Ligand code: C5P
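Before any questions on binding or motion, here is one chain by itself as structure tokens, the form predicted alone.
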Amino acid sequence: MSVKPIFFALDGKELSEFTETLEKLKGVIYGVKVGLEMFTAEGPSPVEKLKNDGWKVFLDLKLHDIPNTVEAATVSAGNIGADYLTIHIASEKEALLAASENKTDNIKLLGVSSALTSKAMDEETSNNVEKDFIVAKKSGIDGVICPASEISSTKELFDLIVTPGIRLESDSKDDQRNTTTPEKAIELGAKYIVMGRSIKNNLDYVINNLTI
């Protein structure tokens, strides 16, 4: 069985609440995403534990600060073992360059535009996303967090596209407005997708029946 190109979003305060699910997903999906809530509650230990268990770890902190702080945080994230780290493109080019030029070799930076998946995409927003992604490309960022609607245009800039807002056909969209299915995201050109609630609510299906 091939590994599915999925990051499982650990949306909670404690890593321990995901122990059973992670055991079932080991060898099935590519990696896991540690967000700001868990990192604030438990510090770097979840990243270190997950790495020791053999997981690829996507640390979703969306760094947005002055260049020295962004650079230092990026280096620290690499030192604790994170494989991927998000940084707000709104931090501007100097901070993005500081991060990309000084990061550890093991970590890849993912640029985040202000157009999150909870927002509807219109022409103006789409144009702003494209401008942000061009800045990220020029600043040495490795890839981007890309809404489903922008994958087709973004793959001309980046090979590393990570798409959130993923829902199975049977799922509620909840608070997400820019969504697509796992199959469609990969077909459009996403390298990895992020799934949280859809995995928790459909674990057996994702393990045994989802083909991507």
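Everything quoted here is computed from the prediction, not taken from an experiment. Numbering starts at 1 and runs along the sequence shown.
Another form, the form predicted together with cytidine-5'-monophosphate (C5P), is not on view; read the next lines as being about it.
Only one of 181-189, 162-170, 24-32, 48-56 lies within 4.5 Å of cytidine-5'-monophosphate (C5P) in the predicted bound form by heavy atoms, and it is 162-170.
Within 4.5 Å of any heavy atom of cytidine-5'-monophosphate (C5P) in the predicted bound form lies no heavy atom of residue 64.
Although the partner is absent here, residue 13 sits far enough away that none of its heavy atoms falls within 4.5 Å of cytidine-5'-monophosphate (C5P) in the predicted bound form.
Taking a 4.5 Å heavy atom cutoff to cytidine-5'-monophosphate (C5P) in the predicted bound form, none of the residues in 68-91 make contact.
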